[in-house]
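Take a look at this single chain, the form predicted on its own, given in structure tokens.
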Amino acid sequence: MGYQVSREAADRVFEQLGQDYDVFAPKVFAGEGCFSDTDVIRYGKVNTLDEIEWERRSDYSFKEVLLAVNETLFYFTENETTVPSCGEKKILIFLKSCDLHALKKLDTIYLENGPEDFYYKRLREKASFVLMGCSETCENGFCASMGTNRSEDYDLYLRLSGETVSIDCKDPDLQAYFEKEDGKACDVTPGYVTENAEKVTLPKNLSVDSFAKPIWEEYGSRCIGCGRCNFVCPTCTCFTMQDILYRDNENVGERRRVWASCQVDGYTEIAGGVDFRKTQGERMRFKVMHKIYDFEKRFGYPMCVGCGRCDTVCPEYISYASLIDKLAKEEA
């Protein structure tokens, strides 16, 4: 059971939420795309509902709110280290169903895969999530095939329709903001797509023999190792470390955690010059098998959520969806 409020009332609530929450949502950044005359949709702070891009899928996922592209872990001097604060406000994140499923994968990686990650956990505990429904399938998306086209694990659901806003709230803290408004009780069901133009069959008979297939070199020969697929993916979590030494005193600086990519040359190189995955085919194999085989074998469900961003962003038009579909046919 949910209720409806006027758009005017919803705007008042949103303004009140902004006093206690940093609100992040997909928004259009005009002229900041890959080319000077193109836009990009990515996550940023918003102050009004009008700033939010409700229909189109964001080019980058919500993960950059919880996992900054460039995050300072601590500052250091000759004698001490200091961990930076993460702000006093709580966090409210607007996202679609596929990304809400991706949140579960991130939680698994950072909170359940050995010791908890301190930096992720402190932001995660402050965050609440607002589901944005989908009226139609997005480009290259295959969420229905992955079972991520709908989700019930939201704190708040909002749907805008003209001058009316439909609401389903599961979080008592968020509910308190809406109780001040005179809403009309009604049934509210999140919108979701039931099928996509892109349909994918996951391979279910993978084994260690699958690692030696020629399909990896076939697709890897087209890959230029730019890493864009990893950066837009909501479940990729590869990173590297950087120590920044200040110019005035080389013993003072900061350590940063910075996004990285398993597809980029040199990522697996270790001391002594040993590189575990030298070719793009080997890197492609690692990425795909990690998404649909290794992760599921360990945790019981695949890592991929079928958002389709990797297919859309690839400059060489490599289709991850087509690759795993072809792999399924070979394994059948």
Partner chain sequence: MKNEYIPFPSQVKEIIQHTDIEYTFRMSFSGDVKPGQFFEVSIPKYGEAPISVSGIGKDTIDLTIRKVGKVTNKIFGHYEGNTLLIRGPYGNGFDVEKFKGREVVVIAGGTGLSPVKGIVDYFARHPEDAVQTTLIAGFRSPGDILFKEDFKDWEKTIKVIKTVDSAPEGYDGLIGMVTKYIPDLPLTDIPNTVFITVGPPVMIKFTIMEILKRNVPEENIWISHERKMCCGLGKCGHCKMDGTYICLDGPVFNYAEGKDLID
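Worth saying up front: this structure is predicted, and the values here are computed from it rather than measured. Residue numbers count along the first chain shown, from 1.
One more form of this protein should be noted, the form predicted together with the partner chain, which is absent from this view; the next part is about it.
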| property | result |
| --- | --- |
| The unique member of N205, T81, T194, S135 whose heavy atoms fall within 4.5 Å of the partner chain in the predicted complex | T81 |
| One residue of L160, I224, I244, C86 in contact with the partner chain, assessed in the predicted complex (non-hydrogen atom, 4.5 angstroms) | I244 |
| Close approach of E250 to the partner chain in the predicted complex, 4.5 Å, heavy atom | yes |
| Proximity of G300 to the partner chain in the predicted complex, heavy atoms at 4.5 Å | no |
| Interface membership of R57, the partner chain in the predicted complex, 4.5 Å heavy atom rule | no |
| In the predicted complex, D117 touching the partner chain (heavy atom, 4.5 Å) | yes |
| Location of the partner chain contact in the predicted complex, chosen stretch of 254-262, 94-102, 170-178, 142-150 [non-hydrogen atom, 4.5 Å] | 254-262 |
| Members of 248-278 lying within 4.5 angstroms of the partner chain, judged by heavy atom, in the predicted complex | E250, N251, V252, G253, R255, R257, A260, G266, Y267, T268, E269, I270, A271, F276, R277 |
